[in-house]
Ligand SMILES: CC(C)(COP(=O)(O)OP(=O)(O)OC[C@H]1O[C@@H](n2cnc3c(N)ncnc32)[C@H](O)[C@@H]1OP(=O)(O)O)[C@@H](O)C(=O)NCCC(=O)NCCS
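Just the one chain here, the form predicted on its own, laid out as structure tokens.
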């Protein structure tokens, strides 16, 4: 079964509105319209997605990468991230950023993909948020 990485279309929006609970529908629609979402789709369904914005209004910042639980461990998250990095490089960006909570496993994936720790944020009652950056130069 092949997985295509592409911009979401109308067929994907109802799924994203239900599945991406970290952002409201109006904001998600705005981000989709701005071209800042990539979906991973098999013949019938969205199997994962990546959503990004801009840090300091200029550095691409991956806000969310998600892979359906039954598809985890197949390299789909890595494919989404590498596809996004390529898009950012082609668009003229020389670095990207992301973050994850210190109690989440994603930090290990990011480091394996060449991201380096560049700071942290500690909000009351929350685990430490680790900030990562990656150079796209070279």
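Residue numbers count along the first chain shown, from 1. These figures come from a predicted structure and were not determined experimentally.
Only in words, not in the display: the form predicted in complex with this ligand, which the text now covers.
Joint contact, 59, 89 and 97 to this ligand in the model of the complex, by non-hydrogen atom at 4.5 Å: No, the whole trio is out of contact, none within 4.5 Å by any heavy atom.
Answer range among 24 to 32, 89 to 97, 37 to 45, 76 to 84 for contact with this ligand, defined in the model of the complex as heavy atoms within 4.5 Å: Within 4.5 Å of the partner lies stretch 76 to 84.
4.5 Å heavy atom contact, residue 54 and this ligand in the model of the complex: No.
Distance check, residue 105 to this ligand in the model of the complex, heavy atom within 4.5 Å: Yes, residue 105 sits close enough to this ligand in the model of the complex that at least one of its heavy atoms falls within 4.5 Å.
Partner proximity in the model of the complex: residue 50 to this ligand, non-hydrogen atom cutoff 4.5 Å: Because no heavy atom of residue 50 falls inside 4.5 Å of this ligand in the model of the complex, the answer is no.
Within 4.5 Å of this ligand in the model of the complex: residues from 50 to 81 (heavy atom criterion): Result: 63, 64, 65, 66, 67, 71, 72, 73, 74, 75, 76, 77, 78.
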